[in-house]
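Quick setup: one chain, the form predicted alone, written in structure tokens, and binding and motion questions come after.
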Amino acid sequence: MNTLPINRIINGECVSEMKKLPDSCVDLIIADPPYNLSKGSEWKWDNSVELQGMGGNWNKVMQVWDDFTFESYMTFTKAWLTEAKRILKPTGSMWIFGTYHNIGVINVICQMLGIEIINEVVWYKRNAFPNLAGRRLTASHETILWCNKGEKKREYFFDYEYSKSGDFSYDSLKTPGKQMRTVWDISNNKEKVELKYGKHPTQKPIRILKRMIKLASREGDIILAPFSGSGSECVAAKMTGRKYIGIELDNLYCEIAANRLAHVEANEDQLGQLSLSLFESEETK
């Protein structure tokens, strides 16, 4: 493929679509893959169904795309990570969401493929969904792996100044002017506008995605979301002045993503900051 599908949501399967992209062509990948939690076809709590070795009943999402055998999940994970490494630039990096159900598999396969894990981030969700059965601790975090291509030069981009001095007033664990740590206190609540045109059952808040994008990419960079769902990663990319490529298997979510993107201003963050600075300068006159 000579021309990249810039600023598009592709309706297709992520591995086959990534195979169409050339080597070293994207600057940042934000991957929110299936966690392999779903067992069954209905939304219900079922104590008779367990994921062996995975801590029991995590059947809250209940989607066909999230139901693998352990062996097929290993194969699938290796396939998409292989393509992700190939298309990532040496100066790029990758964020991967997961929980204890699947993050161990992803970690091991990253090591098998020579993908270096820069950091393991704990996303603390203070508004976590309660434990309904009352038989275990309430899960209140997800794990995020930040990885690079695994080359010796370690050329990946990191905006260290932003990590220290950006606006993280929503995060009670981030001290202004101090180095960012690997535990992030970010609510999983979405703004009304994030759900206005439809939603996805595992949709991530724009706030955490913008943080990832600003930490690990520059304006104008190309962001790939291989599991784009309702398009949150692409929306965050557009808002922060980046280009995007989204891949999503379900056409319904592609339509939701396209609708959301049509109602987002490019470089919206910078425009908002400019308006605020102009307002403040007028106030001081």
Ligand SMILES: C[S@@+](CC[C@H](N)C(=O)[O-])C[C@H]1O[C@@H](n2cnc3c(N)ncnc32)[C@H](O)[C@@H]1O
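Owing to the predicted nature of the structure, the values given are computational and were not obtained by experimental measurement. For every residue, the number given is its place in the sequence shown, counted from 1.
What comes next is about the form predicted in complex with the named molecule, which does not appear here.
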For this session: Decide yes or no: are 24, 92 and 150 jointly within 4.5 Å of the named molecule in the predicted complex, with each residue judged by its heavy atoms?
Result: no
Seminar exercise, completed: Interface check vs the named molecule in the predicted complex: of 188, 202, 163, 99, the one with a heavy atom inside 4.5 Å is 202
Problem set entry | Contact test in the predicted complex: residue 221 vs the named molecule, heavy atoms, 4.5 Å | no
Exercise. Is residue 76 close to the named molecule in the predicted complex, meaning a heavy atom pair under 4.5 Å apart or at it?
Worked result: yes
For this session: Report yes if any heavy atom of residue 13 sits within 4.5 Å of a heavy atom of the named molecule in the predicted complex; otherwise report no.
Result: yes
Exercise. Contact between residue 250 and the named molecule in the predicted complex at 4.5 Å, heavy atoms?
Worked result: yes
Problem set entry | Interface residues of 138-175 toward the named molecule, as seen in the predicted complex [heavy atoms, 4.5 Å] | none
